[in-house]
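First, one chain by itself: the form predicted alone, in structure tokens.
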């Protein structure tokens, strides 16, 4: 087994919670830290939620507070989907939320990157503000990161706007810095995450496993499942879990190298990930891998298997 050091940068968030529950069960991931960023809800809530999820998972991982707002522009949230608390209103009795460490998320990222001697993988499933600040502060950092797996963007469609996916739209300038950092970026975007869904029956099946983790999983997904049903979707998309599983089990997915840039100035296209995947004209370099497909049957089976192990 090839175990590798990882930092999970996230904005919990319901699907972030599922991603963390799955990460705990993946022996390949040596998770050195979780860094919280404003996104689905405000930064103080994402920091608290990370601790709540770790309590549910019975997992001891340090959590660091990150950026409370994007590099430029106003903050947006997704409370209409994730709830004002970020976890669908589900309480986590017994969870202890310590004061945020003095060390900021971007400093922790750099420290762990140095310690990992070029082997650190960043799994970023929220807005990319923390990573952008880290790259801006530590100019040697790109040489110390092996790769970045993000949940964000799309080669085709958007969700927060017709052009842009939420995580990229929340901080396009940060995303552009990450894509232009020189570190290989693996983009697990809407092209694949909308195909990586669980039906209501599959969510119920996992909830029936009976563990505290399975019951928590079932509870936090109910509001998102109702939202997805209203949109006519076949189930609840496992956006962030798809990125975590891709980091370990690429064989479940199909992907292709591409050039990717982020539109930061467009009036109606701000936040769009512009790829040359389907274009005759190509960018000068292939700076990313765009994930476009998933074996959904195998994906669902793996999610069930990992959650059943609790």
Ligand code: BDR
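Numbering follows the first chain given and starts at 1. What you see is a predicted model; the values in this text were computed from it and never measured.
The form predicted together with the ligand exists for this protein as well; it is not shown, and the discussion that follows is about that form.
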| query | finding |
| --- | --- |
| Heavy atom within 4.5 Å of the ligand in the predicted complex - the one residue of 273, 49, 35, 40 that qualifies | 40 |
| Answer option from 159, 222, 75, 211, heavy atom within 4.5 Å of the ligand in the predicted complex | 159 |
| Heavy atom distance at most 4.5 Å to the ligand in the predicted complex, all of 82, 125 and 190 | yes |
| Interface stretch in the predicted complex with the ligand - options 160-168, 203-211, 106-114, 176-184, non-hydrogen atom within 4.5 Å | 160-168 |
| is_contact(residue 151, the ligand) in the predicted complex, heavy atom dist at most 4.5 Å | yes |
| In the predicted complex: members of 216-242 within 4.5 Å of the ligand, any heavy atom | 239, 240 |
